Structure formats: structure tokens, C-alpha cells
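What follows is one chain in C-alpha cells, specifically the form predicted on its own.
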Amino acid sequence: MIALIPVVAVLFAASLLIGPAGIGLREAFLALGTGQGGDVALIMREIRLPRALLGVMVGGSLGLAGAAMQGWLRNPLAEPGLIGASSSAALGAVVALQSGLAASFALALPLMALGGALASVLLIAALAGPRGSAVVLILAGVAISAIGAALTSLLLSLSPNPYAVAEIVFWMMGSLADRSIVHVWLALPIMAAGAALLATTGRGLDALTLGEDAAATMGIPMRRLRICLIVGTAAVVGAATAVAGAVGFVGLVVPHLLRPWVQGVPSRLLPASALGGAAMVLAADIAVRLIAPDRDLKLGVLTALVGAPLFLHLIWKMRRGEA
């Protein structure tokens, strides 16, 4: 935590300062603090600040949800999209783009995406029931993810408008570009509520390392823990997908990298993964601007290109350790 907090702070400042417009350090923070400076203030407050804030929010949400899911299922391969919230949110956004609602109402896309995430939670609750086990919930999430992906592909294949198809495909790659402070205020309360729910699960996740029966014997309310995990994960992942599109591998890789530094304690891994996820998304978003400043390189593409080889390296290390 001592190392991650300054890393996130430095990356946040770098995200504010790096961009096509050559703005000096003093000029940038003066415009950000006072609102004076004409175009500079507009760039800092309306373009760079929302992008940096969303980088922290999206990365922190995905990292936190990934650590919570891995702790709950006691499976290092678990990731936030396992309960179907991300695919359902993506489906809602695709419906908004395909139907033209996104063109007529600026907030239709994130609102429809949030509605899709909420629908996935309700479906999981209906399929699994009040006493559903982790296996039943996972199967319900996999089914919902498959249905969401299939319906998204169906909409793409039946779309008569090639421009809408291109817009949908680009959105699904994930990006923080062209986001405003409105997106920040839309996602912030939902992410904060979801993160608050996940933060209460630390003691239960620690007890779950001994098994569900042992956790129940220790007085952990398993039903309440399950509800907090599902609703909290759906809230943070759905809100992140609603404002940034699909950004993969953050919730899968970050907890793996940080677990040895917290001695594998789930309650300590939750805040560490939130900071680590924020650092990863901020760094990736900065890299997007530096690698291809004249091209619209998507954030989700870069996180996948970096995260997948890193994950394979972690698997290789685990295999060597077992040997």
C-alpha cells in the first residue's frame, strides 16, 4: 500500500499532463485549480481531468472486483466478468447504439449499459435462488454471459448500418477518450456503493480460505456475504463497462501480481488490488496516448496485449513451482 499510493498519484498527475496539447506543468495545474486560462482550462477540466478520474475509477473497480471474486471462489482464474455483468452491460450499450438512442440522448449508452448489468443481477438471483451455492451462481453467470455475447453478435450480424457496426465494435474495445465529467458523476455513486459492499467482505473472505463449512462455523453469514459479493461486483463492473467499454485482464492479472506481497490474505488484497488496478489502467491509458498519438488505439486492446502474456508468464511460474 505504501508503494502503490504514490505510484497511483504519479500516474494520475502524468495522465493530467500528457496529451497532444503542449501544456506546461505550472500552467496546467493553475488552469485546473482556478479555471482561468481559456482553452487550457477547458482542456484540463473537460478532457484530461475526467479521463484521469475515470482511469482511477475503472481500474480500481476492476482490480477490487477481481480480488473479491478470486477470494470468494478460491480460484486464481476467477475474474469480474464471471457473473455476466460485463457482457450484459455491453449488450445494453450495443442496443443503445444500434437503436439510435445513443445518438439522440448522450447518456443513453451508459444508462442502458447500467440497465443491462442490473438485469444480470436479477437473472442470477432468479436462477440461483436465495440459497444458491457458488457453483450454481457461476453456472448462472456463465449462462448469462453466453446469452449476452450471443445477442450482441446477433445485433451486429443483423445491423443494416455499417457505421453503427463500426461504432459498436470500437466501443467494445474499451476506451477512456472523449469522456466528460458527466460520465464521472454517473458512474461514481454506483462504483462507490459497489466498492463499499465489497469492502465489507474482507473478514468473510479471510474465513473462506478455510472452506465454507469452517467459515459458517466461525459465524460468517454466508448468504449475506454472497449477496454483497454479487451485487458489489455487478455494480462496479457494470458501471466500469458502461463508461469505458470492455477493458479486460485487469481484474484477472492485478490480484495475481499483488497476492505474494500481501501473503495471500484476501482482506489485504482487496485495497491493494484496487490501487494496482488503478495504476494499470492509468499506465495503459498514458501508453495509448504515447504509442499512437495520431491513431485511436483502444485501451482494452492494450490491456489485453499486455495482460495476456503476463498471465501466461504467471501460469508458467506456477507450473515450475509445482514441478
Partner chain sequence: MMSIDLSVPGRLQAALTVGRGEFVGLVGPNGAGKTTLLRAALGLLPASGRRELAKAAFLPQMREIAWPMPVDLVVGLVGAGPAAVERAIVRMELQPLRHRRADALSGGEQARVLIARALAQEVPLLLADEPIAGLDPAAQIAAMEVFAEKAQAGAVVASIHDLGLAARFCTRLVVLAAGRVVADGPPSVLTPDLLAGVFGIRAWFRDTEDGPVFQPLSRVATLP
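Numbering follows the first chain given and starts at 1. Quick caveat, the model's predicted, so the values are computed rather than measured.
Keep in mind that the form predicted in complex with the partner chain is missing from the display, and what follows is about it.
Tell me, which of 218, 142, 111, 177 has a heavy atom within 4.5 angstroms of the partner chain in the predicted complex?
Selected residue: 218.
At 4.5 Å between heavy atoms, is residue 60 in contact with the partner chain in the predicted complex?
Flag for residue 60 set to no.
With heavy atoms only and a cut-off of 4.5 Å, decide whether residue 263 touches the partner chain in the predicted complex.
Yes, residue 263 lies within 4.5 Å of the partner chain in the predicted complex.
Hey, in the predicted complex, is residue 166 touching the partner chain, heavy atoms inside 4.5 Å?
Although the partner chain is absent here, residue 166 would stay clear of it in the predicted complex, with no heavy atoms inside 4.5 Å.
Give a yes or no for residue 71: in the predicted complex, does one of its heavy atoms lie within 4.5 Å of a heavy atom belonging to the partner chain?
Judged by the heavy-atom cut-off of 4.5 Å, residue 71 is in contact with the partner chain in the predicted complex.
Of these, 72 to 80, 113 to 121, 226 to 234, 182 to 190, which stretch puts a heavy atom within 4.5 angstroms of the partner chain in the predicted complex?
The contacting stretch is 72 to 80.
Which residues, if any, of 178 to 216 lie within 4.5 Å of the partner chain in the predicted complex when only heavy atoms count?
Residues within 4.5 Å: 203, 206, 207, 209, 210, 211, 213, 214, 216.
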